[in-house]
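Shown next as structure tokens: one chain only, the form predicted on its own.
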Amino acid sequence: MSAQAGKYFLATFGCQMNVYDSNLIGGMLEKRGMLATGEADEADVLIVNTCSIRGGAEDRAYARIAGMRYYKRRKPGVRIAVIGCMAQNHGDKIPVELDHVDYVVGPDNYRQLEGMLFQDRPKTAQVLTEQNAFENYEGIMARLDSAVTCHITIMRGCNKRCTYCIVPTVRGVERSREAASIVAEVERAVGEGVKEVCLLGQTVNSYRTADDDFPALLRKLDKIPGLERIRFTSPHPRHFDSETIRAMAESPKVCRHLHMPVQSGSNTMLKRMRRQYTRERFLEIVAEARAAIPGVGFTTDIIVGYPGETEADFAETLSLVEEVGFDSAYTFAYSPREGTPAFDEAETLTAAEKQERLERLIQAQFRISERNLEAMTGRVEEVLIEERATRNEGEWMGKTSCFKKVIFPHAPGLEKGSLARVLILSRSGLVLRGEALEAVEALEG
């Protein structure tokens, strides 16, 4: 395949880390002369980056890959690669079920994929799923897909063994990138116009190298000229300490927002899930963060219907949601994943019972989300403009430091990437509406 003439199409399923990995691969291929295309029928290479966290994600990926047989028939020379967590999880099974696939590549083998795509097409599918406890893709920078915000992976893998989670199996052991390479990637992004970075890791706050830990990294990034905001996801309560809270409070560019998965409000369930903290410890972290960081927003992940969950356990989750007052929550009904410690545990709730609890949780959280947004009316918030509003070209959409979406009319001196002081006037659903007072840069100048 001619690198200069080749085009690649990349479909991504799953989490923000998969989005970053897709951009990492895109950066590799574009450095070799390939061009990205959003039209699959134009591509010489079709890549599907997959997720295994839930059965639905795998089903959607399988359907997308199966549909790519059409392009193979039209253009037999096209190459199809299945990569990511599902590739690692299913390995040799994929080319058996989908015989038009040429490559199956796990998250630790993307360097090899780059090389294989510039060699002769294999006669039989190549499967690369060997895990590498040292692969951090040092020296490779991901392509940028936004002029305002970007995600940067600071560590890979996970050492936790939460009973419901497939990530340690498919992503391998925890390893952190050197701070210097992270700083260099952030500086490169800022040089290309990025204003906000979001640091990624399965347990991002357990980041540690010989010279740095997570609070130290936050402080280093806070000093980068031109960078306006720093976010991170997802911290694990087990590793959330006072020094991290101090670093957030003392670093002006670190956003006033914590997405911290709690999963359950019941100590019994947390222990069964092997989450390594208690309800009480989670609430201590929330209280300490709120005392140190005025206006900090909290979002979370919650699972309902885990094996053994009683109505009393579920009631504890509802009460925790109310006590913390999360701004929003990603909520899921438990589904067993082959390869996880909980896979062989007997289900104690029917699908209908799990769905009923999930709906009650969603309704409770929705009321809290509305209440929190209503409380923001009348405030002046600093908003980073990300793009034009979807429904009205005459309006901007951006987010506050505490991760609330705000829509407001265009105003002089503002453009994509600007920071604006916005007076919050009302709530429309789960979106705030406001009016720009002035650009932050103009005010400070």
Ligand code: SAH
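As the structure is a prediction and not an experimental result, all values here were calculated from the model. Don't overthink the numbering: it's just position in the shown sequence, from 1.
Omitted here: the form predicted in complex with the ligand. The next part is about that form.
Only one of 188-196, 159-167, 315-323, 345-353 lies within 4.5 Å of the ligand in the predicted complex by heavy atoms, and it is 159-167. Here is the short version: of Ala142, Leu270, Ile302, Ile80, the single residue with a heavy atom within 4.5 Å of the ligand in the predicted complex is Ile302.
The partner is absent here, but in the predicted complex a heavy atom of Arg54, alone among Arg60, Lys405, Lys416, Arg54, sits within 4.5 Å of the ligand. For Ala333, a non-hydrogen atom is located within 4.5 Å of the ligand in the predicted complex, even though that partner is not displayed.
The closest non-hydrogen atom of Arg337 lies within 4.5 Å of the ligand in the predicted complex. Though the partner is left out of this view, Pro215 does not reach within 4.5 Å of the ligand in the predicted complex, counting heavy atoms only. In the predicted complex, the ligand sits within 4.5 Å of a heavy atom of Ser234. Residues of 252-278 that come within 4.5 Å of the ligand in the predicted complex, judged by any heavy atom, are Pro261, Gln263, Arg275 in sequence order.
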